[in-house]
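First, one chain by itself in structure tokens, the form predicted alone.
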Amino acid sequence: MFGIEFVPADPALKIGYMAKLAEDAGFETIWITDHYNNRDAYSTLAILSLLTSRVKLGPGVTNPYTRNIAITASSIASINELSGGRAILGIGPGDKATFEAMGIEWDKPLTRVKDAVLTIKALLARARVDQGGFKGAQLAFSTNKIPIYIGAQGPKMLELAGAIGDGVLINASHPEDFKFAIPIVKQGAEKAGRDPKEIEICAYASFSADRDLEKAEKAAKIVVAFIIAGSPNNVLERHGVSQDEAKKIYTSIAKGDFGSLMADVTLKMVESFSISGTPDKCSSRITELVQTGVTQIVVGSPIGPDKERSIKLIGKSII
């Protein structure tokens, strides 16, 4: 299965056009990022609900800090109603740096995500909720079951995704990352008495496809730089990136020095932190990921040097 991520930095109608293009190209899920500085994710999803007919739609990912989880439950249930039952919900701990800019304290991420998922499930089932600080909250309208995917990277969040999630969204592009992550997800499922095969494993990957190898790799560099700047040391070590290299990239981002950034990001880094290149090269990496147990490839930013052309290319030559 293939999904695709769109960032609502563009107006909703433009995202709607790209979403319809993706649906026609064979993508089965569309994820909309949820950040305060872009257009609202749920407004965008509402437009997509009306402009598409088959794809599943959801935020990828929202979080329990910036939006009350009862509102999240109501919003995703509304999208489910608008789309004719095609809603999916991606939720994770979010980005600490973003929350600091908003004046929000990033406390107990594992507990917050667990409470959010369990509470949202109860609300969607129209139960009266008295957990997680709620006192008798209940939705006034019904919806059918909405799959919940947990965005996870660290071991504890991966295990939680296996225990209570319908799927897990893992921000990674390299087989070694999934060889680390998937056994932990399975362990979480087994501890909870679940069949690990019930959990969808999604590679939420930085992706850049073009018939011109050099153009595809160049387009991926900026996104790869941000991934490296935000990656924990154990992930950097896994891919042979030194702390000095990561610090240099972080400094270039902070200064807005994108000229240095392009030079600092090596092709080995692009190879480790993205799926980039010609359709054949991208397909080879996808095969490697599927062999580790990945069940959905999410085509994330930048998609390619020309989004529209790359969506059509991925549909025709990869999907």
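Quick caveat: nothing in here was measured; it's all calculated off a predicted structure. Position 1 is the first residue in the sequence shown; the rest follow in order.
Just so you know, the form predicted in complex with a small molecule exists too; it's not on screen, but the next bit is about it.
The partner is absent here, but in the predicted bound form a heavy atom of 153, alone among 143, 231, 153, 74, sits within 4.5 Å of the small molecule. In summary, among the residues 224, 120, 157, 79, the only one with a non-hydrogen atom within 4.5 Å of the small molecule in the predicted bound form is 157. Contact with the small molecule in the predicted bound form, defined as any heavy atom within 4.5 Å, is confined among 272-280, 44-52, 58-66, 254-262 to 58-66. Contact between residue 178 and the small molecule in the predicted bound form is not found at the 4.5 Å heavy atom cutoff. The closest heavy atom approach of residue 170 to the small molecule in the predicted bound form falls within 4.5 Å. At a distance threshold of 4.5 angstroms between non-hydrogen atoms, residue 196 is out of contact with the small molecule in the predicted bound form. Though the partner is left out of this view, residue 111 does reach within 4.5 Å of the small molecule in the predicted bound form, counting heavy atoms only.
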